[in-house]
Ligand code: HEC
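Encoded as structure tokens, the following chain is the form predicted on its own, with no partner shown.
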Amino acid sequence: MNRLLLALVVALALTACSKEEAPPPKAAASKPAPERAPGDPKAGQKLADAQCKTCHGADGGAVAPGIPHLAAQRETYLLAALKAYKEGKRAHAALKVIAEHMSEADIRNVSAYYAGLPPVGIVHAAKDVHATPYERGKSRIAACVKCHGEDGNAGAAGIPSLAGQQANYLIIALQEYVRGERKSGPTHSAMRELTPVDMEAVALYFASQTPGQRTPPQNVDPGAGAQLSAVCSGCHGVQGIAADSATPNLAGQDFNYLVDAIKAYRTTRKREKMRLYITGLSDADIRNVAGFYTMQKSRPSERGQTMVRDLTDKCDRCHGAGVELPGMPVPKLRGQDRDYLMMAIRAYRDDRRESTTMHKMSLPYGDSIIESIANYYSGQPAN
């Protein structure tokens, strides 16, 4: 635009126009954003000694599990956290009262004080606690392998394979056996010894195994079964691999097990939509549907072997050492208290702490995975 105006001025001058062209008005310079007044660490120390050190220690280190270390934390994050408590966006009765009585200067001062402290040492938990969910699951499958195989590929007819099955579906199934909602045998009693975190780990282990390819069942018509499975595909996928992790994969499953399971919806299994559809199928139809799904190629539904590493690599994009995101109050995680990290991630997952991004990222993960992420970061040197 300025070049166009300049060309017009030159053109008028060349035609001996006696009237001078006024120069174009300059754009008003934008005012820089006011800088935040720096905090006073000495004033912050006085406030911390009076209000904070009972829980966060004289050196900024937590005095008990579940309390965060504040020493060497990013100042921008500390400021944002205190303001969130002050405004009621974070739920903690004591901190809310303390923050409500702090002025803006107090918040800046105490944040500057803790940010300027050297990192505190870390306390390593027991070795077993640091195992990944995959490793934990592998150590707790002894009662399962007798029937389902060490890699989840059952060898006996009528026994379901667990390899590659959806993890959430396996967790639901384990819980139903424990509650007596599924027909169970003597071997299922071992499930009662599993904690909820153990169940998640066992499910993740089997979900990460590679399903084997099945031999074609006898006296079935897979083509007819494919046509009849059109209704099933809405939940179980066109090829028998479900998109929803709480819905079981049918691809590559044992033929006899599928036949028995489908027939059970006529009588004992309680899924009304399934019952309505199955009631209209003949025994031959059911065999054909089962034969179709048995011959489909399946795959692992999870990557438990590398899941924790993959997730912490993603976390490090924002929380990694040396990473600074302008305008985003992101905390350091390395060397942080393990129990506090677990509580915080669960709060984001369960939508009890305000952050849309963190809620979406943590929503898919159970406590076993959250525990492993917390174990990893709490075991790293603070920086």
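Think of the rigid core as the biggest set of C-alphas that the two forms share within 1.5 Å after superposition. Predicted model, so just to flag it, every value in this text is computed and none were measured. Residues carry their position along the shown sequence, with the first being 1.
Beyond what is shown, the protein has a form predicted in complex with the named molecule; the following relates to that form.
**Student:** Using the partner position in the predicted complex, report whether residue 41 sits within 4.5 Å of the named molecule, counting heavy atoms only.
**Tutor:** Residue-level check for residue 41: no, no contact with the named molecule.
**Student:** Does the named molecule come within 4.5 Å of any heavy atom of residue 209 in the predicted complex?
**Tutor:** No, residue 209 sits far enough from the named molecule in the predicted complex that none of its heavy atoms falls within 4.5 Å.
**Student:** Does residue 349 reach the named molecule in the predicted complex, with heavy atoms at most 4.5 Å apart?
**Tutor:** Because no heavy atom of residue 349 falls inside 4.5 Å of the named molecule in the predicted complex, the answer is no.
**Student:** Taking the named molecule as it sits in the predicted complex, is residue 291 in contact with it (heavy atom to heavy atom, 4.5 Å or less)?
**Tutor:** Result no; residue 291 lies far from the named molecule in the predicted complex.
**Student:** Under a 4.5 angstroms heavy atom criterion, identify the one residue in 251, 115, 262, 220 near the named molecule in the predicted complex.
**Tutor:** Checking each option against the named molecule in the predicted complex, the one that comes within 4.5 Å is 262.
**Student:** Please identify the residue among 108, 136, 287, 148 with any heavy atom within 4.5 Å of the named molecule in the predicted complex.
**Tutor:** None of the other options qualify; the answer is 148.
**Student:** Give, in sequence order, every residue of 49-83 that has a heavy atom within 4.5 Å of the named molecule in the predicted complex, or say none if there are no such residues.
**Tutor:** Residues within 4.5 Å: 51, 52, 54, 55, 56, 66, 67, 68, 70, 73, 77, 78, 81, 82.
**Student:** Kindly check if the Cα atom of residue 53 is displaced 2 angstroms or more between this form and the one not shown relative to the superposed rigid core.
**Tutor:** Residue 53: C-alpha displaced by 2 Å or more between this form and the one not shown.
**Student:** Once the two forms are fit on the core, has residue 105 moved its CA by at least 2 Å between this form and the one not shown?
**Tutor:** After core superposition, the displacement of the residue 105 C-alpha between this form and the one not shown reaches the 2 Å mark, so yes.
**Student:** Once everything's superposed on the core, is residue 44 shifted 2 Å or more at the Cα between this form and the one not shown?
**Tutor:** Yes, the C-alpha position differs by at least 2 Å between this form and the one not shown.
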